[in-house]
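Coming up is one lone chain in structure tokens, specifically the form predicted on its own.
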């Protein structure tokens, strides 16, 4: 019975194999590039769904956490430690944590291993989430939304104006992230198929983590908090701790997605930290269902794929705004909450929908 919860994960991976084989057979493997990017963006929305759907907390700052992860990857991967070979650089080199590559001009660059950068991104995001989350998470409703929007704007204008962060140009020439053996996160066409599968595996891992969370004691506590904080507190639930825990997890998921996508794209710019990006994630969660992780993943991949393929043209941001308004008016519980869902238990348990 316990193993049944992983059936959707297996189906997700099988669907990924089917999509890849079909596109390759139809000589349309180039679609995998946009699908890979869409998966990383959808992962951010899944993390936000945990925060909104189960803890009832609205965040308009998740693009900021995404940017923190991405900019950490870009800064540490493009900084040439050979120029300033200090004691720390020598120690990291002795531990095999420094890598070498040549830039576009043939200059040798010594930089930190992306594994170290990933750890740094997680630590930095955790620190920022603590500084922001501890005071902010006690807010409710539109006050919380305004506070997180303010955080997102701070991140955006910081990366837009800081010379050390590339200002309006952002970063380019970010090297790939070698995971193990031949597996490497980069955007070159020769790695297109394996990068699609890497993104799928990461998405499956996040879905498994989210599904286990909402079925756990913590998940039950979060749903109780969502229904009524006073009632949850009367049952012995530490409301602030539960809300902060899912806020931190949601922020880390966004940062990790930003880290991987930056290595995949080979760069990042301030556009990834705009308030409109956060609104997009919010719209995707609303369409998929506030407490439906699978609906969020499906709509995240679908809508982002159409956007990246240019289906909405110059009205791209406007379309997401219209979608958000339409869903709030016509289907407040999300599109998938009104349709039969194979992963939902009888009785419409929200946890099962995850």
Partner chain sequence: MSAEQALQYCLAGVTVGSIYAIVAIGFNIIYNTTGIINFAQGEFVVLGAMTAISLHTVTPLPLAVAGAVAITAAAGGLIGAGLTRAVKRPTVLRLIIVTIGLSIVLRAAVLHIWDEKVRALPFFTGTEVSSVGFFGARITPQALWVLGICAVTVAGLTLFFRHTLTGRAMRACAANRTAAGLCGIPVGRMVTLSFTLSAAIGALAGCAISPVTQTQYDMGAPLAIKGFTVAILGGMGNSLAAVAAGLLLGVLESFSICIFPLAYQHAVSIAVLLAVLVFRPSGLFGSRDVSALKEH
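Here the structure is a predicted model, which means the values were calculated and not measured. Residue numbers count along the first chain shown, from 1.
Below, we turn to the form predicted together with its partner chain, even though it does not appear here.
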Next item on the list: Decide whether residue 145 counts as a contact residue for its partner chain in the predicted complex under a heavy atom distance cut-off of 4.5 Å.
Entry: yes
Note to self: Can you tell me whether residue 306 touches its partner chain? I mean in the predicted complex, with a 4.5 angstroms heavy atom cut-off.
What the structure shows: no
Note to self: Against its partner chain in the predicted complex, would residue 237 count as a contact residue? Criterion: heavy atoms within 4.5 Å.
What the structure shows: no
Item checked: 4.5 Å heavy atom contact, residue 149 to its partner chain in the predicted complex -> yes
Next item on the list: Name the stretch: of 292 to 300, 320 to 328, 40 to 48, 24 to 32, exactly one has residues whose heavy atoms fall within 4.5 Å of its partner chain in the predicted complex.
Entry: 320 to 328
Margin query: Whether 58, 153 and 162 jointly form a contact site for its partner chain in the predicted complex is the question; each needs a heavy atom within 4.5 Å.
Written below: yes
Next item on the list: Identify, from the list 119, 183, 201, 276, the residue with a heavy atom within 4.5 Å of its partner chain in the predicted complex.
Entry: 276
Next item on the list: Report the residue, out of 127, 179, 208, 139, that has at least one non-hydrogen atom within 4.5 angstroms of its partner chain in the predicted complex.
Entry: 139
Item checked: Residues from 21 to 44 in contact with its partner chain (non-hydrogen atom within 4.5 Å) in the predicted complex -> none
